[in-house]
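In structure tokens, one chain follows: the form predicted on its own.
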Amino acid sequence: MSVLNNAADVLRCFGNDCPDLTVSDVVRLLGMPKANASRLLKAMREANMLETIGDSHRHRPGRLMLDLAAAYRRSSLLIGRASEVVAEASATYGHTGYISVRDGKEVTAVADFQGTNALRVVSNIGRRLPAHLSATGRSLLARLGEEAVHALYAGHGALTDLSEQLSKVRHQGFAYSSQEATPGVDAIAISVADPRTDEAVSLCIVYPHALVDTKGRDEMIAALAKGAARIAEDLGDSAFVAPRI
């Protein structure tokens, strides 16, 4: 089990800020002896969990990881349905869209749809964000009851403000952020769930703050809301709140 845990720790090191790893990186990030790190990366290469980049000593996720990511998306009816909605909204308005999931106090994009406008937000798929500091995160946290939120953020300095923010999200049915996660970038997000699988995802559109006024924002919220409402009805998401614009 310890080998699996160590391999999982290595995989968790990857992200937007860490696209590849060397043995030295693993030693520094995980505090692992160099010999152990070297053996572990070798075993992960042999299992196709990692692959080297060209002739270098740098490692990136292997094809097995890509196959697993694709299988994860295909296995989720909710992600598939949500992707259709966000892809349509992204194509209509030209802004980048995401499907995100929450893991504890973080959110991660699992699917993205590139915008077509000349000035658009670059994709950050795979980037982990603090849930309380992003529209996607707050749209998902709002599905939790107050007690669950307080338990999750016990002792966290953001709890007081977060409770007020989530109350607003629950009332209006969507989350909005202005230049929080990224300077110059705004985001709108709506969450929907599949009670049968206990999955919840956030449907999000991100766009340059300077390009979209309130009317334009509300049009995009309405587009996402229409699609999310269809999903909620089809999947039986009784907790879904139709956005009030």
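Fair warning: this is a prediction, and the values are worked out from it, not measured in the lab. The numbering used is simple: start at 1 and walk along the sequence shown. For clarity, a rigid core is taken as the largest C-alpha set superposing within 1.5 Å between two forms.
The form predicted in complex with the DNA exists for this protein as well; it is not shown, and the discussion that follows is about that form.
Of the candidate stretches 23-31, 195-203, 60-68, 172-180, only 23-31 has residues whose heavy atoms lie within 4.5 Å of the DNA in the predicted complex. Contact check for residue 3: a heavy atom falls within 4.5 Å of the DNA in the predicted complex. Not displayed here, the DNA is approached by residue 38 to within 4.5 Å at the level of heavy atoms in the predicted complex.
Contact check for residue 215: every heavy atom lies farther than 4.5 Å from the DNA in the predicted complex. Taking the partner from elsewhere, residue 209 is found to have every heavy atom lying beyond 4.5 Å of the DNA in the predicted complex.
With contact defined as any non-hydrogen atom lying within 4.5 angstroms of the DNA in the predicted complex, the stretch 74-113 contains no contacting residue. The Cα position of residue 195 differs by less than 2 Å between the shown form and the other one after fitting on the rigid core. Once the rigid core is used as the reference frame, the Cα position of residue 28 differs between the shown form and the other one by 2 Å or more.
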